[in-house]
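Here we start with a single chain on its own, the form predicted alone, put down as structure tokens.
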Amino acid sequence: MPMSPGYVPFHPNPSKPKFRPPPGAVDAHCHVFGPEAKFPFAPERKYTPCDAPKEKLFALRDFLGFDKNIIVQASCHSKDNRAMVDALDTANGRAKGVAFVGEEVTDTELKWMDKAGVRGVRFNFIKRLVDFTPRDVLDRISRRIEKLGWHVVVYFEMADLHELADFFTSLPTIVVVDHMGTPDVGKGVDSPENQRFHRLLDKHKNFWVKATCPERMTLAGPPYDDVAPFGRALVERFPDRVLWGTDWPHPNMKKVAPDDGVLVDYVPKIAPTAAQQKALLVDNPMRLYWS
């Protein structure tokens, strides 16, 4: 099936980054799509991407100088986690996963995913990507996965945080916030919205955050210097609860696919010291996903 009109495939020839990740570094947010012939996209998907199979992901991991991946279930596959689990099964212990499930998921399916290396579920609150799931359903899912020692990943836009915060703080697990809570870069790192988010992280020590996707928030374009203060503030303030990842293959980019080498070179802009880089890329993801 052809890609959605205007869908931008991933960069065909990313540059070699100048920054060398520390040994054992983890790309803690990436995806696999298909291949569609083997793992069909969900009928209810909001977009049709290009194939982005595990072989491409693992080759990129090696090219960029990373050792491991956290593979997050993408909305184009909805609740069919087979492509993600298949990638985990063939990663030789070098990948863990985050699933997307509904209340109908069976205990057998949860155990199957747990054995493969799934360690969390994602709750998506981006209205343009998924249909609304009642919060009581999400709460019941979180109570079930808590028994497995999994966490919840939440994806939302910062303007909606005031509506969602009470629900997020009621969850019984570690809560990992995707993409810095998607701040409005034009409002600045000291905006009331962003500072409300920081206060949430300050108060709730079970909250983690991914300093990811500057390409989605930038107003200036690469090398994303206008977004760096947001990531740097998180690394400085919450050094043991921040993760980083490429977001490859960058679903739903509108104009041009980001160069993954440039994204890796963004890391020292938000984590300038070797100690910060090791915490961000090695210690934190290893503690959350492999310990």
Ligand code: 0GY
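None of these values were measured; they are calculated from a predicted model. Residue positions are given as counts along the sequence shown, with the first one as 1.
One more form of this protein, predicted in complex with this ligand, exists but is not displayed; see below.
- Looking at residue 168, you'd find every heavy atom of it more than 4.5 angstroms from this ligand in the predicted bound form.
- In the predicted bound form, this ligand stays beyond 4.5 Å of every heavy atom belonging to residue 147.
- Among heavy atoms of residue 76, some come within 4.5 Å of this ligand in the predicted bound form.
- Proximity of residue 162 to this ligand in the predicted bound form falls outside the 4.5 Å heavy atom cutoff.
- Checking 34, 261, 65, 251 against this ligand in the predicted bound form, a heavy atom within 4.5 Å turns up for just one residue: 251.
- For this ligand in the predicted bound form, the listed stretch (90-98, 132-140, 67-75, 108-116) containing residues with heavy atoms inside 4.5 Å is 67-75.
- Taken together, the three residues 47, 122 and 247 all come within 4.5 Å of this ligand in the predicted bound form, as judged by their closest heavy atom.
- Residue 179 is the only one in 164-180 with at least one heavy atom within 4.5 Å of this ligand in the predicted bound form.
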